[in-house]
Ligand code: ADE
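Shown below, as structure tokens, is a lone chain in the form predicted on its own; questions about how it binds or moves come after it.
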């Protein structure tokens, strides 16, 4: 799963005998990759769209594992543009049902964070390391980026494109006060995690850091996704399916 076409560009070409299926206003591509039955789909942007897509994947296609790739804004210390974050859990930074429930707590779930599948995330982390090693020389020579670091930790999701240092600082301060320290922010992962939790389907996610969630977040965003994040995703997922 990815939110944007450019985040998933190159993956479709890896499928053998791809078949196109239309459902819930989305295009699903079914095929084989390294001996695995695979479905590729774009979620569209935001938590509701991501939840709809995930539900369709599980109900209509019977998937038994879900992996999300895409980009995010870095908010954690040392999480820089070009780095990669593999999620170990998700939280909704815009969830606030207080005073009925504690801020950030998911109503009636008794928790604020939803953990990613440990085994699947470990495979994705190994695939990220292997994928970036295989592509590092080309992309970082061509794009003049620093050697990327790979992080693993909490990612915060919300229906907001964070493009202000002030907003990012406020968001981070609120989460840290409540005891949460996210490495990145994006707009879909927590919704996917919640649906997968409800259905008991293992979930893992990896995000390439496209910006620092500040006023520069929109600058050359599309170029970054096309030139860096998309090749990263292809390299990582290619290693991932080999490791399954």
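Predicted model, so just to flag it, every value in this text is computed and none were measured. Residue numbers count along the first chain shown, from 1.
The same protein also exists as the form predicted together with adenine (ADE); that form is not shown, yet it is the one meant from here on.
With adenine (ADE) omitted here, the record of contacts in the predicted complex names 64-72 of 189-197, 64-72, 47-55, 23-31, defined by a heavy atom within 4.5 Å. Within 4.5 Å of some heavy atom of adenine (ADE) in the predicted complex lies at least one heavy atom of residue 160. Contact annotation: residue 213 falls within 4.5 Å of adenine (ADE) in the predicted complex, judged by heavy atom distances.
Contact annotation: residue 185 falls within 4.5 Å of adenine (ADE) in the predicted complex, judged by heavy atom distances. Residue 221 is the only member of 221-242 with a non-hydrogen atom no more than 4.5 angstroms from adenine (ADE) in the predicted complex.
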